[in-house]
Ligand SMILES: Cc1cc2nc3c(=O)[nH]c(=O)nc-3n(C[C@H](O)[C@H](O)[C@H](O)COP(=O)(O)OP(=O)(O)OC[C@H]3O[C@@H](n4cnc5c(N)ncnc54)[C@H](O)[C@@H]3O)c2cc1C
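Single chain ahead, by itself, as structure tokens, in the form predicted on its own.
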Amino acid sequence: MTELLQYLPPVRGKIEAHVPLRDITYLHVGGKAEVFFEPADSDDLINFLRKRPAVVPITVLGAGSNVLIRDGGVPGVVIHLGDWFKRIFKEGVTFEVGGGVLVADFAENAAQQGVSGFEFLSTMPGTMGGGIPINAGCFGRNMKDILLEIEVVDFQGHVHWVPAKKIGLTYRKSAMPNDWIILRAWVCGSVLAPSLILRTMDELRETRVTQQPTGCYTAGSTFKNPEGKNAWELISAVGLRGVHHGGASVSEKHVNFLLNDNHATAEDLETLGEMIREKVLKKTGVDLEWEIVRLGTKTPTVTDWARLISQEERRDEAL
């Protein structure tokens, strides 16, 4: 079979075939990206999206904080936003934040400049571009509370500027199309003394350490809270605290966290998660919804790209 890489347009950034993904995800499991692309800048990304064969699937990977990469890897192209997308600009109490910026790093940056409203981000993993589509949040605050506008590019290479009120941010989801990549976001805070902001951030981080597992391989909350209920209470009620499956376990400290005990496979973690869902549904009637995003295939796949791209070209010619 022919390698996908030879059918992709030239780029200025980094592009490589068969790149292991486990080391760049918080769960530390999973297979390889068939092709891994880190664009040099937004123009490089846009050009790639416009010229790549449409039949080639695209997956966007941020910090890998709330994802489970399956053991078979991710077919097609995995796009990761590098240094150019990690820039931060300030004007008054409004910030332009690149889609690749870690939200905790941004919170620290804003605090040092005396802008409040982003303290909750200091306890969260992940990037701005990954957190907005799921309206990420904690301690009673969400992306919806700070967001003004986003700039995105779709998988066809078209750029859009969209105000926050148009993207339908609700609990852990939005109305954003799946083929949008966030290039930049504009967020707004308020003036406050840096010392007061930093004190609040320290308090939030201390609270997180007491309530959630730290210093281990985990992707954070596994399941969304059903309306009017807490996922952790439902899981605890069926007696699954500390349960193991292969190299995966349910956290003793917070049962809505799955842990990789250093030797888990993605299959171990996903099977354990599905076991939790099954037991909770059977006992309580509540069907838990995954908050962790599962990507890729369970077993390696081999795609005949020459045939698929040839078929696509013939369809285009017919049109």
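Here the structure is a predicted model, which is why all the values come from computation and not from measurement. Start at 1 with the first residue shown and count on from there.
If you look for the form predicted together with the ligand, you will not find it shown, but the lines that follow are about it.
- If you check the ligand in the predicted complex, you find no heavy atom from any of Ser42, Trp84 and Glu149 within 4.5 Å.
- Between the ligand and the residues Cys138, Leu192, Val243, Leu198, the one pair within 4.5 Å by heavy atoms in the predicted complex involves Cys138.
- Residue-level contacts in the predicted complex: of Ile167, Ala107, Val115, Ile134, one residue has a heavy atom within 4.5 Å of the ligand, and it is Ile134.
- Shown alone here, Gly73 lies farther than 4.5 Å from the ligand in the predicted complex, counting heavy atoms only.
- Not displayed here, the ligand is approached by Thr218 to within 4.5 Å at the level of heavy atoms in the predicted complex.
- In the predicted complex, Gly62 approaches the ligand with a heavy atom inside 4.5 Å.
- Residue contact with the ligand in the predicted complex: Arg208 places a heavy atom within 4.5 Å of it.
- The candidate stretches are 243-251, 224-232, 157-165, 118-126, and the one lying within 4.5 Å of the ligand in the predicted complex by heavy atoms is 118-126.
- Counting a residue when any of its non-hydrogen atoms is within 4.5 Å of the ligand in the predicted complex, the hits in 167-182 run Arg172, Trp180, Ile181, Ile182.
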